[in-house]
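Given next, in structure tokens, is a single chain: the form predicted on its own.
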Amino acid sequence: MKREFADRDELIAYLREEFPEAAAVDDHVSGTRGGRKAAEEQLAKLGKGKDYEASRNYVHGPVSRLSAYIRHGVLSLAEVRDYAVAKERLPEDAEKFVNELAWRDYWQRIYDDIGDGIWDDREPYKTGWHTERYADEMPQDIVEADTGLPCIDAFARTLVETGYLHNHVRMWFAAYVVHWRRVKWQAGARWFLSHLIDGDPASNNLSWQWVASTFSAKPYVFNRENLEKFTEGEYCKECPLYGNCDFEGSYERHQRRLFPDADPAVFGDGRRGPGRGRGRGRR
């Protein structure tokens, strides 16, 4: 393949011509620049470890934005780890950031061990719903950012237009797809991989499985309060559904509504009323 280009526009035109099927799926161009120079410039912007630890869950917090470079091998995990530790007065101040790198390494080791098995449920769902009760395909209203939920639609548009989502947004979105819409995590994982520029099958699929509960002890859910806090009200403050959206209420309320036949032990709440015992999951 051609490797030298006069400018980025020529490169983009070349790739569209060489990969028309991919362009038909997603023709947006990410603002993230590729290459070693861009990767080193982004690495140099890495903030202090304690700042990262305190605000990494906020969608506008100081995350590294290094995932695309790591995903495509422009930067190695060890290189990023060493840089993060070296810039701290106390190495332990980089602990949380290094932990996140370790998760990525862990997912890769599992991928190396099981290969395409990352597309299989690693464990049964702990939701009380059997696998066959989940849809196989992504609903079109989600794909087209037309659910009527301003936050979810904004997340879908951002993914398609930029090829990137903050990790917390990925978790909210995955929970909505799997638990609120009851769609198999594989459908969501495939859709993410078709748009993410840092789309790493290992981190992507196993993270979706963590949300779904097929690779974790319980399903991950969120509520409006959590989303509002970590987006700093970006989607909620002018939302016409505020106070009446699908995500209103406590975690316990969502768990009971979304997973009425789940084993109560999953949530540690001692909930086991008539008709809610283990083995009565919906089939």
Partner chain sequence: MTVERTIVWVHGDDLSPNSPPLMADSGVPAVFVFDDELLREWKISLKRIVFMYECLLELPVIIRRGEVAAEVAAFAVGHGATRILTSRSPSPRLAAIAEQIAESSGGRLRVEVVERTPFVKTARKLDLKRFTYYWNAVKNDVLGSQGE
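Predicted model, so just to flag it, every value in this text is computed and none were measured. Residue numbers count along the first chain shown, from 1.
What comes next is about the form predicted together with its partner chain, which is not displayed.
- Heavy atoms of every residue among D26, R71 and G115 are located within 4.5 Å of its partner chain in the model of the complex.
- Although the partner is absent from this view, T131 stays clear of its partner chain in the model of the complex, with no non-hydrogen atom inside 4.5 angstroms.
- Put simply, D120 is far from its partner chain in the model of the complex: not one heavy atom of it is within 4.5 Å.
- Under a 4.5 angstroms non-hydrogen atom cutoff, its partner chain in the model of the complex lacks G61 among its neighbouring residues.
- Although the partner is absent here, L196 is a contact residue: one of its heavy atoms lies within 4.5 angstroms of its partner chain in the model of the complex.
- Scanning S55, N223, Q42, S216 against its partner chain in the model of the complex with a 4.5 Å heavy atom cut-off leaves one residue, S216.
- Residues of just one listed stretch (166 to 174, 180 to 188, 198 to 206, 140 to 148) have heavy atoms within 4.5 Å of its partner chain in the model of the complex: 198 to 206.
- Of the residues in 74 to 102, those that come within 4.5 Å of its partner chain in the model of the complex through at least one heavy atom are, in sequence order, V74, L77, A78, R81, D82, V85, P91, E95, V98, N99, L101, A102.
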